[in-house]
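Taking the form predicted on its own, here's one chain by itself in structure tokens.
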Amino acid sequence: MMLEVREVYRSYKKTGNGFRRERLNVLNGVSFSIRAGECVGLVGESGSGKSTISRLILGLEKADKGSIFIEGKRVSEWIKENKGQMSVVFQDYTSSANPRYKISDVIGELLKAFGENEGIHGKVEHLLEKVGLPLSIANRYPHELSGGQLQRVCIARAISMHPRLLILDEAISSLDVSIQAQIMDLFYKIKKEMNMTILFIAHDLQAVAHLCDKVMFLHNGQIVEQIATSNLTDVQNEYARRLLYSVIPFNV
């Protein structure tokens, strides 16, 4: 199993309560697993805790209770032993790229960080081609690119080390609708060609259904249903049914 999340709880201190120790419970016993090579979508309303799950998997935060394992090892241990083998594309592409770096340096950032310096110019050119960008932008700066172009740059950087686990955390939600479709086509291409395990976190169920093999519904801090995208019309949980019915025009 590539990723296992077991009974994970996460809460945050409420702001504006003075000396009170009230906490906001975001995750309340989340459990799921993803097999190697699988593409799984995680959907839920804004504020449901989707991005909290990604930060826990990435090791950016720690759970209050519960465990997360990657290939049978705890996250912190796996990350130390597998540098560059988990990557992420975030929602905010504007803050994901250093504005002082040229695009070639943004894309080559991970390669250099992990000692992949040999032939880096050719690798960057290959990555630009892979994400559908002209080689001419390599010497530009982030502010000179459109939002869609800059997100493609962030995707190129994320796949530069050919990670075994790729997390897409609301990676299309800040883009115009027309650009979203193009980026989704790129994700589909990456999924087919690179054989990575992908966790696609989004609130857009249609996008998830287009890309993923399986969908997980997050509600009230728990995974309330997991189902293959080919069987979406068979969802049983009431929240999942409402969400599905709101975006897909058929009776569930």
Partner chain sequence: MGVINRLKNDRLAMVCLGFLFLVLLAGVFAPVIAPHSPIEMNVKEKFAGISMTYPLGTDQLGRCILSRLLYGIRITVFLSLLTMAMTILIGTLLGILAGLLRGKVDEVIMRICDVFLSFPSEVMILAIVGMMGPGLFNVVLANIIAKWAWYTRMVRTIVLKYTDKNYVRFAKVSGCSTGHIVKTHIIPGAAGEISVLATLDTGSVILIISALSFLGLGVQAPTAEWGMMLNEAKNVMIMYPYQMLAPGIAILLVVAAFNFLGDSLQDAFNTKRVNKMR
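Residue numbers count along the first chain shown, from 1. If you're wondering where the values come from, they're calculated on a predicted model, not measured in any experiment.
Separately, the form predicted together with the partner chain exists; it is not shown, and the next lines address it.
Checking 144, 92, 116, 129 against the partner chain in the predicted complex, a heavy atom within 4.5 Å turns up for just one residue: 92.
Contact with the partner chain in the predicted complex, judged by any heavy atom within 4.5 Å, is made by just one of 138, 88, 120, 133: 88. Put simply, residue 158 is close to the partner chain in the predicted complex: some heavy atom of it is within 4.5 Å. For residue 109, a non-hydrogen atom is located within 4.5 Å of the partner chain in the predicted complex, even though that partner is not displayed. The partner chain is not drawn, but in the predicted complex it has a heavy atom within 4.5 Å of residue 83. Mapping the unseen interface onto this chain, residue 168 falls outside it, with no heavy atom inside 4.5 Å of the partner chain in the predicted complex. Taking a 4.5 Å heavy atom cutoff to the partner chain in the predicted complex, none of the residues in 125-141 make contact.
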